[in-house]
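Okay, so here's just one chain, in structure tokens, the form predicted alone.
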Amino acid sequence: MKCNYAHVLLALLVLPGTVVFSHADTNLSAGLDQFLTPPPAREARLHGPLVYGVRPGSPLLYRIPCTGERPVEFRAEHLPPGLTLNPTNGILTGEIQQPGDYPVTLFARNARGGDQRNFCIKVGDQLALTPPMGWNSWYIHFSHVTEATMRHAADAMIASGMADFGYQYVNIDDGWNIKPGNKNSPADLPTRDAEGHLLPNKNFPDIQGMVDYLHGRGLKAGIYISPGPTTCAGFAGSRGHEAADARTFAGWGFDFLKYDWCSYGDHASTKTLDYFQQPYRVMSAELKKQPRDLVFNLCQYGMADVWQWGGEMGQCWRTTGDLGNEHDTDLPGFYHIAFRNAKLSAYARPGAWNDPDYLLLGWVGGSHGSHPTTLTRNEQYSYMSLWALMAAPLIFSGDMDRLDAFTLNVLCNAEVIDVDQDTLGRQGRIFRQTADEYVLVRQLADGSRAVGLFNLSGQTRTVAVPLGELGLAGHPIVRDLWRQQNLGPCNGLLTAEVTPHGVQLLRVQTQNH
């Protein structure tokens, strides 16, 4: 018997004024009320990864992701010595000196109910045990970013609820320091002080205060520079100052560094493997000397098969060129980036992630300000599904001032994020790729499989996968992750009707798990 979910009526919890629709009637471009993700429960519900990596003695900062009506009271059992939990805002802080695994149980409760969640703090030499989640300024502000922008983005991450689902990094991209010779920075304006420390430009009058502001909200701060003499936009780079810059970034309190190739390639006589590795090896060594953890993002566009060695130096590495420069052909550019990134599934693992670039959803940037994405709603659900299945960093780079309800509906589905944050750390593999269909399958820590059935064509079509080929026997339970609804047991053939450029993202689990 095959299992077909084309005509299952959804029984969703919906807000007043929303529409309940059948599975066969999911034209996502039809109306603003037709969202797939149901609203979160009003009772307290804990979210986020089940593991967290930190080095011995490094400051730990973690805002426990939790939805539900406020106020919420937080507590923890078996919290290791050196850590403190703020019961009002759920922010964990402190330091753990001794290496080891520290299992903790987290609790949250509000007036409507409570929740608990196991959480393991792994103190050792690995960071980013699940893919980083957050926001980056580039694709909306480009090199015109300001300190006020970053503070406002942090406020929006809290106010919108993104932080309640695990988004935590607020990352500055290019444009924060001095650009010699431009109209705002005379050629004789120094890029560094007398001791060689980088100087922020006038748009960042109090960069230390900005980082403290983010940390006070339980969020983490990221920064950007190039290993070359200048960045992509012509601002000062780190070449010859790597040790000083690592100390500066750590001294300011940053938690993440994006190291962008840019001008480095203009200053080398040979192009051996060592040539491609050297700048990242140098900065990686300097970051490891610092008294705080900085997640290291190798941004060098997939050169020299970086996925084969990037994990020796950092926690994530770009596998392709900029997604924003990927020109649409028969499909939007994110598909083509995903097709290339998905082939590298063998190289992803906890603490080492393939990075296919940012989530460009909602309102995105342009030469004349932000504008709505040209992606259909189907395509935006497919985009997020691909990134989750590929264990990609979930870094949004759209307009934080225009976080409309639909964009948040795509970004903030706890069950989809759980796939991305799965502790097994195995990237989804390509099960099928044709001109019309794309199927990714990801093994999860509990023995289940996350299956993405993607329709690449312009017409609704049925996509089917034999369950035996997924390594599952018996009558597994199938759950629709976007709609957060069990679809029942299935035997033989997993099949679903998928709308044009749409996706069915399913979790398939044997009943003995």
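Numbers for residues come from their place in the sequence shown, where the first is 1. Please read these numbers as outputs of a predicted model, since none were measured by experiment.
The following text describes the form predicted together with ligand GAL, which does not appear among the structures shown.
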Within 4.5 angstroms, counting heavy atoms, which one of the listed stretches 69 to 77, 106 to 114, 93 to 101, 298 to 306 is next to ligand GAL in the predicted complex? 298 to 306
Is Asp174 close to ligand GAL in the predicted complex, meaning a heavy atom pair under 4.5 Å apart or at it? yes
Considering non-hydrogen atoms and a 4.5 Å limit, does ligand GAL approach Asp155 in the predicted complex? no
Considering non-hydrogen atoms and a 4.5 Å limit, does ligand GAL approach Asp322 in the predicted complex? yes
Is there any non-hydrogen atom of Ile430 lying within 4.5 Å of ligand GAL in the predicted complex? no
Within 4.5 Å of ligand GAL in the predicted complex, all of Trp135, His215 and Asp255 (non-hydrogen atom): no
Heavy atom within 4.5 Å of ligand GAL in the predicted complex: which of Leu189, Ala233, Leu83, Ala405 fits that? Just give me the one. Ala233
So ligand GAL isn't shown here. In the predicted complex, which residue out of Phe334, Tyr358, Trp353, Tyr381 has a non-hydrogen atom within 4.5 Å of it? Tyr358
Which residues from 208 to 229 come close to ligand GAL in the predicted complex, meaning a heavy atom within 4.5 Å? Tyr224
